[in-house]
Each structure stands twice: as structure tokens, then as C-alpha cells.
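The chain below stands alone and is given in C-alpha cells; this is the form predicted alone.
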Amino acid sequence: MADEDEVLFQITRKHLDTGLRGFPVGTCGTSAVDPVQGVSYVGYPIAELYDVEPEAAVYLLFEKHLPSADELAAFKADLRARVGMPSSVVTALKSLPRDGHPMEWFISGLLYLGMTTKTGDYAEDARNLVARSTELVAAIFRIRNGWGEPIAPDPSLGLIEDFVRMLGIPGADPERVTAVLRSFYVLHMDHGGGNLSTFVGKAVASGHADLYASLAGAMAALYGPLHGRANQDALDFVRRVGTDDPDAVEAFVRKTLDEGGKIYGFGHAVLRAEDPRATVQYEVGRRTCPDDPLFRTALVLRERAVKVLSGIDKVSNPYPNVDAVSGTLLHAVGLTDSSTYTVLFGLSRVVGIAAQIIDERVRARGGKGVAIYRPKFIAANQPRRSLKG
């Protein structure tokens, strides 16, 4: 049995104003990140889960075990019974400024859904949101991109299969889109408890805000360029490389570093090996878009960027992370507007954040829930003043 008085972290003044990096503040029962093995969901390595049915991965994070065939069938039927968002949400989306960022649309959509459908029960609202969020995101894409009216859900289809149908990407091959988005959805669901968006979502919920408001806050955190836009930056970097000639790619990487630039899609704060989520996506790319020019460039970067970065002493992890190729795959199957990629990231991450909010609000401390987040801040050195002169 763990010692409740065990010292887990010794805080000194040098740790202040460092963004809480590495500070233990709670426990996480949905996922963990190992420096070598990468992400696992409830103990299962992500590389073993990426190809399971998306609904099974959602069930795993919510219920903490993989479903039996009967449990999965019942869960899928339950989600199907919940599909369909109010028409007033679509009306509200149509009123939003077209030049608003897609993430601003997503945040607004979550709040609209909350105002029209929330029950106040975290577990119920989580299932409702999983069932309806794909319709919300598909409507956002269709309205913003001018692809036509939103397409109503078909409850007879699986979660991602129906999402692809509702997207209706002009000129795209639905089978290829489905193959990429199924893996993308599962791979991005959760990443421990301390990343910014998850922490913010749980902190908002700790004040007993409803699930929709909490997730809108989480998505606002994900929206920032230092968090959720990394796959967009990585795709832009692949575009700038502009070739799949190995020597030319290596020369580009070296020149970028010499000029003080970043090699996007490589390195990780925790991992010290290739991110298994990247490994999976490279294989998905080989199956779905092996001849795509940008994907061929990304494959060469996988080899030559690692070679260059490995020769730099201060680089602790020269390997590809989850963002190295995800944007390239999305682009290859017809999702060419990279500003929308963070929305797809958020659509997936809604699952893990909702699961962690349920754990903290409903299950923790014998059902009492985790206390409201209230970290202590030390007063900065300030001269003593008086209004009296």
C-alpha cells in the first residue's frame, strides 16, 4: 500500500513560474506516457489499440476495460440512440463569422450544444457528446468550407464511418478518409492527465461547471499554437522541404538548424524513442497514400531528420512524434485546409478529457469528487506602498 505521506516532489523557489511542469497534482486512470513505450490506455499500449473499433476505445477510457462483444454492441446501440443535435445549433453555426478560426467555431458549437442539450449529469452528457460531436464537427466543416448543407447522421453506421459520410469531402475517397480518421481518432483520444487542455478541462469542471463548458475551456487551451496546432506546423514544414530526395532533405534539415529554425514533428517532452502513434501512422500512410508526394517527403524526414538530430548532444529525443505525419495523411486524403486539423484533434481529445472529468467528478474520493483546483501562488517581491504618502 502506498505511503500517503510519501514525498513525491520537493518544491523550491526555482520551480516557481515554470508552468507546473513535472509537478504531481493528482492521479490519472485513463492513460499514461512511458518514455520508451509511449502512450497506453488503461494499460494497453496504443500500438495494440489503434485498429480497434473507435467505440471500443471510447468504452475503454470510460469504463476502464475493453468491452466484450455484448458490451460493445450495447454501447454502440446506446450511442446510436443519442445521435442528432438540435437544428438551432446549425442555425447558430451559420451565423458565425466565416473568418473565425475553426477552433473558435468548435468552441462555440460546444457551448451551443451545452445550452440546448445538457443534462447536468457528467456521464450522461459525455455519452451524448461523443454521439453528437461528429455531427457538430461535420457541420462546421461543411458550413465554413461551402460544401453544402450539413448532412444528417445515419445511426446505422459506425461512429467514424458516419462522420466521413457527414463530412462529404468533395472528390475524396471515403474508404481512404475512413482509414486515416479511424486511426487518428483513436490515437489522439488521451495523453495522460497533465497536458494543458486536459488540465484546463478538469480544472473548470472542478468548480462544478457542466461538461460542455468544461470542454469548451479545454478546447480553448488546445487552440493555442504551443499545444494543438503542432500537426499543422509539421505539415507546413514538410511542404517547405519540397522534395523526397534523401540528400536534399538532409541538407534542408541541417540548413534549418544552422539558421536557428525548428524541425517540426520531432522530439517530445517525455518520450525518448519514436512515438508509437507516429509509427502507426506511417504504416497507415503506406497503406492509404504511399505515392502521395508529401507523404514520401515525410518518410524521408523520418530517416534523415533523426540522423541529423541524433548528432546534436543537447537533443534528448530526435525521433518523430505523433504530429510528424498526421497532418500529411489528412492532407493526402482530401482534408487540405490545415487550419481545421486542431478541430479533428479536439474531436478525438473530447473523449479522454470527458473520461477524466467523469473520474474526477463522479468517482474520486468515494464519489465526493476531487476538490476544486486552487494552486498556491507566492507573492512576488513588491515594495510596500501606501496611498497616504
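As the structure is a prediction and not an experimental result, all values here were calculated from the model. Position 1 is the first residue in the sequence shown; the rest follow in order.
The same protein also exists as the form predicted together with D-malate (MLT); that form is not shown, yet it is the one meant from here on.
Relative to D-malate (MLT) in the predicted bound form, residues Tyr122, Lys202 and Arg363 are all farther than 4.5 Å at every heavy atom. Of the heavy atoms in His191, some are within 4.5 Å of D-malate (MLT) in the predicted bound form. Although the partner is absent here, Thr288 sits far enough away that none of its heavy atoms falls within 4.5 Å of D-malate (MLT) in the predicted bound form. Interface residue remark: Asn195 is counted as part of the site for D-malate (MLT) in the predicted bound form, having a heavy atom within 4.5 Å.
Contact check for Tyr341: every heavy atom lies farther than 4.5 Å from D-malate (MLT) in the predicted bound form.
Only one segment in the set 326-334, 343-351, 53-61, 22-30 has residues whose heavy atoms sit within 4.5 Å of D-malate (MLT) in the predicted bound form; it is 343-351.
Of the residues given (Arg165, Arg82, Arg176, His227), His227 alone sits with a heavy atom within 4.5 Å of D-malate (MLT) in the predicted bound form. Proximity to D-malate (MLT) in the predicted bound form, taken as a non-hydrogen atom within 4.5 angstroms, holds for one residue of Arg302, Lys76, His268, Arg132, which is His268.
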